[in-house]
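One chain follows as structure tokens, the form predicted alone.
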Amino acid sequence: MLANFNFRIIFEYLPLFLTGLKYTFIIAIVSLALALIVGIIACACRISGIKVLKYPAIAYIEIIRSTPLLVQIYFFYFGLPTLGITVPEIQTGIFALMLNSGAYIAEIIRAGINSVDAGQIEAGHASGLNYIQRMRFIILPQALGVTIPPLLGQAIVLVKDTALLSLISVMELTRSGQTMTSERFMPSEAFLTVAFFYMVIYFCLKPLADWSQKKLIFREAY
């Protein structure tokens, strides 16, 4: 296979792939930052005792988690213009990724909070700590170690999910491979190069997840 592999064409299209890589990073970082905000808000609403906040948050999380991301992207891409809302492709993709990852992040944070032993929370309450103090000194320090590794895992998933935006003509890594294939009809060279760049991103983020699991996880004092 490598005997027929045309490396010259890959180097010729390298600027295109680097442009796609740049936009993949931009889309992923912006989407993840917005998804963290959405996830924190959705989690806070879901665990609250206020019904007008709790049930809409549950509905949002369950609807997003029960439908494919591609369907959500198409819904916003084709659905918003029918409502008279015209949004550029890249903003539509970021919006879809934000809502999708936000739902999963909300559940990750909720699981981290629920993992804290109820006895410690009751002890903090008995010690006279108010809700904010219990969250700051008891719940969040322990939840942090539990949630950081899966949050970084979700970030890796989000980076790979940006490939779906190629279907709405967003110029990212996968779209770069599609462009090269349509111009030179070399799918092996194009998509193996795309896969290589995604692997580079993955192996850059994975050590960060492993480090966080070792350094940030809560340890009890003996």
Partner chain sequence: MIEFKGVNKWFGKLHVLNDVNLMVQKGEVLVICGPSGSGKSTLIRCVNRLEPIQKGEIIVNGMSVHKSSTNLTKLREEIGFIFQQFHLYPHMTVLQNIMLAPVNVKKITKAEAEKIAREKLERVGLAEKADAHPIQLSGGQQQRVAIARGLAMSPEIMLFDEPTSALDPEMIGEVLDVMVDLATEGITMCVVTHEMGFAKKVADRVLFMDEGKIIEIGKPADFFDNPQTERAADFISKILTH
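Worth saying up front: this structure is predicted, and the values here are computed from it rather than measured. Positions refer to the first chain, counted from 1.
Beyond what is shown, the protein has a form predicted in complex with the partner chain; the following relates to that form.
Residue contact check for P88: none of its heavy atoms lie within 4.5 Å of the partner chain in the model of the complex. Although the partner is absent from this view, S115 stays clear of the partner chain in the model of the complex, with no non-hydrogen atom inside 4.5 angstroms. Remark: A126 counts among the residues lining the partner chain in the model of the complex, judged by a heavy atom distance of 4.5 Å or less. When the partner chain is considered in the model of the complex, I138 lines it closely, a heavy atom lying within 4.5 Å. In the model of the complex, the partner chain lies within 4.5 angstroms of at least one heavy atom of each of the following residues of 103-123: D117, G119, Q120, E122, A123, in sequence order.
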